[in-house]
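Quick setup: one chain, the form predicted on its own, written in structure tokens, and binding and motion questions come after.
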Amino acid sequence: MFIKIEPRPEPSRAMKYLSPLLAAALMLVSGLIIFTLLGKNPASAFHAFFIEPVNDLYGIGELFIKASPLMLIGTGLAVGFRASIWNIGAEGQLAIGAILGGYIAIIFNDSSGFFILPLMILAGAVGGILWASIPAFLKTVFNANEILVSLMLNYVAILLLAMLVHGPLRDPNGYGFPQSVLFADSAILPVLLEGTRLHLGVFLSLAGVVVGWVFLLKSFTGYQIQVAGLAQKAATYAGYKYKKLIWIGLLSGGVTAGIAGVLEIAGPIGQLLPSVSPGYGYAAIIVAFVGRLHPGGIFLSSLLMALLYLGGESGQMNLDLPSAVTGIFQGLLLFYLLAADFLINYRIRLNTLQQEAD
């Protein structure tokens, strides 16, 4: 019996939506194999990794806190990705947003005005936009590769954040630790559910997903973005300004990443640290593609990715697993998604020897 791969007459609509589910299932199967190879009981490990983190109200709150920046950034990145504009710099844009938003909180640390949180969010959005405008400018003026430019700027932003919290923004009463002062209550997002850490930023992220859905699927600019992603020459022939779409695509990711940076420091962290993100800017890329670049799908995939973060932490505490296990699961999810996407345009047939001879 032989395996034959043949192109489909047209892309499979069913496989477009089934491939993320197939990728998630294969990731889970691979996880069980990994747990077994590490000498862990697969059932106990599966429970500790995927069930225990969300088996109470506090855990569910933590799930949404982890998913919040992922769904917000993923929605912003999806705008550019739909136009084939590849912003890989969300991690750096998040850091710059956190720097500017955190600086506002430090300046007004002795104040109690209601304006502080909105001003922090505005500063974070501006920071993300400014950082994303660098690859946008270089792309539209010099045709620079936005993937390389945005990726390299991540390191600049992260090192800039580390330099500031080791120097000018370091807490003078912090015993030399690289961290800013703790933010005042007026610069902290209010907790919405007693007994959890669920804060207002989660609902702001959900609002961002709704705005992204309206923009991408209900606006004319969103339609232009989709056309440009499918056929750039056709979009240009139709009169669409592709350079404008480049700016929109890159700045959309920048503004959401910058706001996500502020929501992190004003939420679970409460101050500036050398690293305010465990890699949300990179993980949001996986979230966007697992969600099929659709805001609704991104919301669901952000919950899955958040569960992987929580499961990794639970695995370290309860199973003595290495910290790299979260990255392994994220990588497996992306790998299997890319493999499953092959079945959108191709199908596999099994041929017997007689069929092969004929």
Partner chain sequence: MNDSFAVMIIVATIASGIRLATPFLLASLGEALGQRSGVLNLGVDGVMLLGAFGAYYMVLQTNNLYYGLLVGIGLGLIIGLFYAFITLNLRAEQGVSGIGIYLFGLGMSDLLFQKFVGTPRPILPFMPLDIPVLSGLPIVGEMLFQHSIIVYIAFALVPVMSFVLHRTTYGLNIRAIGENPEAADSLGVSVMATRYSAIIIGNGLAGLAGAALAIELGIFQQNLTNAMGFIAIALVYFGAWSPKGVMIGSLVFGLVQAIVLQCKTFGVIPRSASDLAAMAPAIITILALVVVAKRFKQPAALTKPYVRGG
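Just so we're clear, the structure is a prediction, and the values are computed from it rather than from any experiment. Positions refer to the first chain, counted from 1.
What comes next is about the form predicted together with the partner chain, which is not displayed.
Segments offered: 63 to 71, 49 to 57, 33 to 41, 296 to 304. Contacting the partner chain in the model of the complex at heavy atom distances within 4.5 Å is 33 to 41. With the partner removed from view, the residue among N143, S111, S219, T236 that has a non-hydrogen atom within 4.5 Å of the partner chain in the model of the complex turns out to be N143. The contact with the partner chain in the model of the complex, taken as any heavy atom within 4.5 Å, belongs to Y155 out of F115, Y155, F177, Y223. By the criterion of a heavy atom within 4.5 Å, L308 is excluded from the residues contacting the partner chain in the model of the complex. Although the partner is absent here, I286 sits close enough that one of its heavy atoms falls within 4.5 Å of the partner chain in the model of the complex. Contact between M163 and the partner chain in the model of the complex is found at the 4.5 Å heavy atom cutoff. In the model of the complex, the partner chain stays beyond 4.5 Å of every heavy atom belonging to I246.
Here the marked residues A78, I269 and S277 all miss the partner chain in the model of the complex; none has a heavy atom within 4.5 angstroms. In this stretch, 95 to 122, not one residue has a heavy atom within 4.5 Å of the partner chain in the model of the complex; the partner itself is omitted from this view.
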